[in-house]
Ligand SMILES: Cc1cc2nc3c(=O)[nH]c(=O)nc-3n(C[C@H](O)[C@H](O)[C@H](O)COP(=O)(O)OP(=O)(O)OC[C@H]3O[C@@H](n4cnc5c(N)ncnc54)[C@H](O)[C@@H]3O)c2cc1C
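The chain that follows stands alone, in the form predicted on its own, written as structure tokens.
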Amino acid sequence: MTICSPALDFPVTRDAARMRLTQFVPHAGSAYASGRNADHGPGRHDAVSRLSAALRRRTLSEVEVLRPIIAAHGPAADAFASEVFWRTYFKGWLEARPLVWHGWLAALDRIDARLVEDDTLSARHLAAIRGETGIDCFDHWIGELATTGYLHNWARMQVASIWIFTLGLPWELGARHFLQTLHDADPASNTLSWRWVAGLHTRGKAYLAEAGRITRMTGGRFSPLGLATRPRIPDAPDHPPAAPPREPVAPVFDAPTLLWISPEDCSLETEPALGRLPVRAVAVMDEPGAIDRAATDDALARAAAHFGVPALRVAGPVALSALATDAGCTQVVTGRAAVGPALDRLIAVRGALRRDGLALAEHVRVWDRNAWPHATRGFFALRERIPDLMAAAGLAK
């Protein structure tokens, strides 16, 4: 297997991501539309943007990625733009239904208890995450994921389908494995994509991996045997009705500010609205993963240079609050935290700041505020609004 360098092939620093975007722009029109589902293997994912890790952290924003592509290709960029909006759709859908996230976590607790008691289930699960199932494509993709932290999006669908319908494993375990392993893992896109494959997002409409199609789309590299021929959709409660997304506290634009950069938004210095803030310092908290550390370190240096203030790293919420106090700030501003681990962390930070008499505010991007109200049903309800959303973002074709 060719080993890829995540820093080069799936960049998260801004300069590297912009370089990758420049390389991709000529191929983002009809070539992308016709070739995006073919998986040529590790080190050969040139038909797709490989910008997902940067987009997930907003090292580059959706607008920054789409602008040169639409300028170069016009309507021929529709297929790529649609994929960008799928990410936005999943984010907005989960923001409107946070109970789906909490339901997944609760299901994992129950399944983990079963794994302790059920040796057969535990052995099947272990074989899957080790890539030792005997299904050639599945085992290869699990190995590629472990080696590179990336899988082609079409390959992810095949892995999820085989995991659920052929191996008969709980989708929740597969979603956790992806969330823990993918460098571009996003709680909303990951969780809801697995639910979609399982037939739970669009109730009764599952995605079934087919051996012949896998052989064709991988250029004959694989000939999987024994794949399920009918989907057995897992039992699950109906998803809850949509509710208005959480409305965060907005920044006070004349209050001395500490700007906190998290992996949720690594290009806050590019947001014109935040240019009005009297920023006195920029900080990041220690991140457990190397990819998040690389992204936030890069973002910290850029933001500190932009605002002309000190760049500081702290260990956690209490240290962040102490830093804000020492800098004479009355508020901490960060990018909006999405449903998932980011929101849990935000709650911990808010508690630490509140004890010191400091406010916590979140900056909501116009892109999200415009799109999320249309992301509460199926994707096609949002797709109908894409021309209007693009125009509102200044992305005329």
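Because the structure is a prediction, the values reported are computed rather than measured. The numbering used is simple: start at 1 and walk along the sequence shown.
One more form of this protein should be noted, the form predicted in complex with the named molecule, which is absent from this view; the next part is about it.
J.: Residue 55 near the named molecule in the model of the complex, any heavy atom under 4.5 Å?
T.: Looking in the model of the complex, residue contacts with the named molecule include residue 55, since a heavy atom lies within 4.5 Å.
J.: Is there a heavy atom of residue 372 no more than 4.5 Å from a heavy atom of the named molecule in the model of the complex?
T.: No, no contact at 4.5 Å.
J.: Spell out, yes or no, whether the shortest heavy atom distance between residue 80 and the named molecule in the model of the complex is within 4.5 Å.
T.: Yes, residue 80 is a contact residue.
J.: Is there a heavy atom of residue 253 lying 4.5 Å or less from a heavy atom of the named molecule in the model of the complex?
T.: No, residue 253 stays farther than 4.5 Å from the named molecule in the model of the complex.
J.: Can you work out which of 140, 97, 177, 156 has a heavy atom no more than 4.5 Å from the named molecule in the model of the complex?
T.: If I apply the 4.5 Å criterion carefully, the residue I get is 156.
J.: Among the candidate residues 307, 171, 90, 101, which is the single one with a non-hydrogen atom no more than 4.5 Å from the named molecule in the model of the complex?
T.: By the 4.5 Å heavy-atom cutoff, the listed residue in contact is 90.
J.: Would you say all of 258, 318 and 330 touch the named molecule in the model of the complex, counting a heavy atom within 4.5 Å as a touch?
T.: Checked in the model of the complex: no contact with the named molecule for any of the three.
J.: Among the candidate stretches 118 to 126, 186 to 194, 132 to 140, 262 to 270, which one is within 4.5 Å of the named molecule in the model of the complex when only heavy atoms are counted?
T.: Looking at the partner contacts, the answer comes out as 186 to 194.
J.: What residues of 133 to 169, in sequence order, lie within 4.5 Å of the named molecule in the model of the complex by heavy atom?
T.: Those in contact are 150, 151, 152, 153, 156, 157, 160.
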